[in-house]
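Structure 1 and structure 2 below are two forms of the same protein chain, each written out on its own as structure tokens.
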Structure 1
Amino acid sequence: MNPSVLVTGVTGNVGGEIAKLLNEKRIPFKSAVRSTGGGPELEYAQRTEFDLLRPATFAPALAGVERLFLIRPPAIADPKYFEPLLEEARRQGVKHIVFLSLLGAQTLFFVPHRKIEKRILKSALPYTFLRPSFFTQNLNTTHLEEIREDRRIYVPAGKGRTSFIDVRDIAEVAVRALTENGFENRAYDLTGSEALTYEEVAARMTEEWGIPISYANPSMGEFKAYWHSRGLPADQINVMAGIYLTAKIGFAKKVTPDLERLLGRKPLSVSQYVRDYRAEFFPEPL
């Protein structure tokens, strides 16, 4: 096995799905993990140590790599950490970087993704920027507990609509970009095919699961107090509050055709997600 693809973020949402897909397709890949033993146990995955905060890990991780799937871990905001990685990628002759960016990154001057995109452009390495909207899977990660325990979605997004995207669709596009030609030097705005309010998301959960789930729509203050009581650091609470404020004022509802065009089918809907992920929320029959 001589993998030429390196996948970062394999213990996370998108990287984890990419790892599964590559494995299903029997494509050997290097699975970038911070700690040995981390990441999924998969036949076609070869673990390699990789930590953005430890540049010494870059050369061994990139050895033999032609295509790199790169994410910006949520805790790393400063783009300076990507400089030595890009330098090493150039030195080792990496041919293509697929970077998980953010919908609208090209115009949002304050987001780290924009600054990282700029650095990738400056490196002159061939790139693909995947710019997705808000992940549907945030519901079973960030909001799992409140939905499972309190049977409510507790976000301050008012009646604002969000064009939820399923990370399994992002992974499918990423795998194509990592294994096929024709994706070089392109950026894609990836969204689901409908924009829903959280009221509508709760209604779909209620309908699919037969369990009443409500949408609480707290004030910003109530939302921050809730997360403070759960021990989340203030800076992370503020980032979340900013994201839901964006949704509330209507900036998260953009629907684009890129994903459907790339997949050649409709993106996975929120209803499909709710069906597929029921056991994550309610593992035992009620």
Structure 2
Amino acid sequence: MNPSVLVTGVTGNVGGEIAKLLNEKRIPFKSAVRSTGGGPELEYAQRTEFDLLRPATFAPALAGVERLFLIRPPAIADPKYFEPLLEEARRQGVKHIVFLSLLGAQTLFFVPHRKIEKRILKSALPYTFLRPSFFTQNLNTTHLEEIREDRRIYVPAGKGRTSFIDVRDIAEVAVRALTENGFENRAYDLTGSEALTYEEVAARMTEEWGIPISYANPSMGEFKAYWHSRGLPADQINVMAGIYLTAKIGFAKKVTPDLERLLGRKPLSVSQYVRDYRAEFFPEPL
């Protein structure tokens, strides 16, 4: 059976979970990677070269594809790079795009996700916009080093609350949208079932692990300087800063019923995440 689903971002949080789920369900799919030697090695995945900065890779990757899971790579903030891809998707007869957007993107004019949504709408391709809140797993990827080495969460979110969502839940919704009908031309606000401050997240880590974890709450300038010192591109730093600003001013605290309604169960909690991912932060007993 030729795969009719293309998944981008398979080396990231959500894309990686989607790839695992499709593989577990024995659904053949194309795994978009910059090099055919990269990405996870899965039985039902067909690696295909794909790079948003190299339009020549689009046609071969999209050949035979009916449904596309699309993410914005963290290092790419300019939505213009998506236009050739959408044009090629239309030429190739793609029937459905599932785009990983951002909670509140429809009103946050300054985030690239909204600009990409507009381009997808303009393409007239059937779509599903998944608009999740902040990924819980960003703590064990983007922020792993500072938590493991410095025992602190270093984000400029003030006392703002965030309705953290587990990427395992996002992936389950995405797989349904990629393999079932009835999700076309819809947008879903995906959140956990509670909104927590980062201080409360640090407290749960401390309690569960028996390791003191603090919340540093740096200024925006300190946060940008920290990531600049680690070599992150300015565009990527600014997108991160903007996302944390939305949390600080209260835009990330929204809790919605969408995920529970779609999956028929409660979202995975931050406490469950902290239990499940302890070894990611501290592989060896202290």
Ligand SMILES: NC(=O)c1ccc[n+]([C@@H]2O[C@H](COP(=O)([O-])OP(=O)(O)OC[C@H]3O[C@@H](n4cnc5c(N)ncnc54)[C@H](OP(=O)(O)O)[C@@H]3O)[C@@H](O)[C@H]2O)c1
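Here the rigid core means the biggest group of C-alpha atoms that line up within 1.5 Å when the two forms are laid on top of each other. All values derive from a computational prediction rather than experimental measurement. Please note that residue numbering is based on structure 1, beginning with 1 at the start of its sequence.
- Comparing the two isolated chains, structure 1 is the one taken from the form predicted in complex with this ligand; structure 2 is not.
- Once both forms are overlaid on the rigid core, the distance between the two CA positions of A195 between structures 1 and 2 is under 2 angstroms.
- Annotation: Cα of G158 displaced by at least 2 Å between structures 1 and 2, core superposition.
- Relative to the superposed core, E180 shifts its CA atom by less than 2 Å between structures 1 and 2.
- Superposing the rigid core and comparing between structures 1 and 2 gives a CA shift of 5.0 Å at A234.
- The rigid core superposition between structures 1 and 2 gives a CA shift for Y244 of 3.1 Å.
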